[in-house]
Structure formats: structure tokens, C-alpha cells
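Below sits a lone chain in C-alpha cells, taken as the form predicted alone.
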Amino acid sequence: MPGLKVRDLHTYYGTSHILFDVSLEIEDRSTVCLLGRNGAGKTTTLKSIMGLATPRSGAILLDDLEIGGKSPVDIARLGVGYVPEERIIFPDLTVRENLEVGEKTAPSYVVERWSVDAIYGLFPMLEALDGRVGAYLSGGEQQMLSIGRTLMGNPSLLLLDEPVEGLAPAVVSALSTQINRLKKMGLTILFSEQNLAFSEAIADRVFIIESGRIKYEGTFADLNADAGLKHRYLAVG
């Protein structure tokens, strides 16, 4: 299935212009990072793709199908899974019940069909917490559950909004391993992040966004070779 193409996107919140001419291209079965500081426009970009924010102009193509302007429900049905930064789970449901809520029939083109057992294979920690309600999970456990529940919808494209924000280093390391497993399974992934080391460990390519504009597109090798660029847009180096 072809990847995602975002072209010349302009998104507003009310009268506030947030995204300016944002263009991204994510090849099928690749993992791409949208890197930037707080308030740069990362979340708005993902919400625009998912239909949670409506672009005023531009195009969003999934499998050469225009999805810009469609509802989040319709976009999810087309194979897009979205994991928000807030790690929204059902606090009164158990881990297993949270996963079952996200289950839907896999499209014919999906090779890997997710089940509760398959999620537990990816996140063994969740299996040990099978009967625990969401309110009593740690931040890292909630993030794994949120990703697992989204995978239960059998997406072909996974959007992750700052997946390791506020998590302990050990959990960050575990999520890096698990997302790399998803890469090997052939899932196309676009994630936003501020954590440079985590992003470099899993992304094939990187886009840097600043003040709602794309400032860099390329590899981490080229980015690391330009200390001035990293300092200017990421305040590192």
C-alpha cells in the first residue's frame, strides 16, 4: 500500500494560523520522525492528517486517495491509527477490555492481524497486567496500552504523538525496541517527538518543524553533520 503524502498544508485554530505550507512524504513501510520543540506544530500536523483538525488548504493523500476533510472515523476505517500524546485510555476498564474496545476487522491488505495475544507478545508487561484497570497503570504502561489498543484496529499507517514524553529512560528504551519490531513487521509509522536519541534509534528519515513550517528534511546522518541546524531548531549541539 503506498504511503502518505501531505502537500502544502495550512491549518488554523480559529483565526490563528498554525501550519504554513507543510509538506511531508512517508514511503510505505518506512518510519519517519517529525521533530521539533514544544509549540512547533507537531501535534497539529498529526491531528490534521487524522481529521481532528481541518486544514484550510492543501492535500493529504493516503494510497493516492484524498483524505483531507474526511472525519476521523472515516480516516480510521481507511487504515490510519492515531495514538495521542495524552495516552487516553478507559480508566475503569481492565487492560484486556481496553484492548478489546479497539478491535475491528482487518482490511484485506493487512498481513499482520492483531489480537490481544499478539499485543501481549509485543508488550509482555501488559499480559502480566491483564486484569488491572487502566487507572492503576503507570505512565509507561498506559502508553503501551494506548499503542496496543490502536494496533487492535489493524492500521496500515500508525501516527504516534510524542510517544516517550515524560517516560522513564528504561521505558523509553523498551518502546524503542517495540517500535522497531513494528517496523520489521512492515507497518508505516509517522511519529512526532522531541527526544533526539529515541528518534534517531528508530526513524529512517526526519523532518524538523519550527513555527508551523518544515525547516529540514533528510537523514539523521546529514542532520548530525550540521551542528548549527540542530542548535537553531532543536536547541542541542
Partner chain sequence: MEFGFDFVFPQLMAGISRGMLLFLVAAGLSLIFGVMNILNFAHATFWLLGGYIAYSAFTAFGPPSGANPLLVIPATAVAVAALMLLGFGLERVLIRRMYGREVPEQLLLTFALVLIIGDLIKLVWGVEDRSVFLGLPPAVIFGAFINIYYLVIIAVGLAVLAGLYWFLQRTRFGRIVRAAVHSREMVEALGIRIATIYMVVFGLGVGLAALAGGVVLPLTPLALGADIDLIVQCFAVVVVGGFGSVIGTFVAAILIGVTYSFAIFLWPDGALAIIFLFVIAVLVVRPWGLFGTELRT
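All of these numbers come straight from a predicted model, not from anything done at the bench. Residue numbers count along the first chain shown, from 1.
The same protein has a further form, the form predicted together with its partner chain, not shown here; the description that follows concerns it.
- Just one of L52, A197, A59, A168 comes within 4.5 Å of its partner chain in the predicted bound form, counting any heavy atom, and that one is L52.
- Taking non-hydrogen atoms only, G79 never approaches its partner chain to within 4.5 angstroms in the predicted bound form.
- None of the heavy atoms of R113 is located within 4.5 Å of its partner chain in the predicted bound form.
- Its partner chain in the predicted bound form is approached by P84, whose closest heavy atom lies within 4.5 angstroms of it.
- K104 belongs to the set of residues with a heavy atom inside 4.5 Å of its partner chain in the predicted bound form.
- Contact with its partner chain in the predicted bound form holds for all three of D74, E97 and E100, each having a heavy atom within 4.5 Å.
- Contact annotation for 134-170: residues with any non-hydrogen atom within 4.5 angstroms of its partner chain in the predicted bound form are A135, R149, T150, listed in sequence order.
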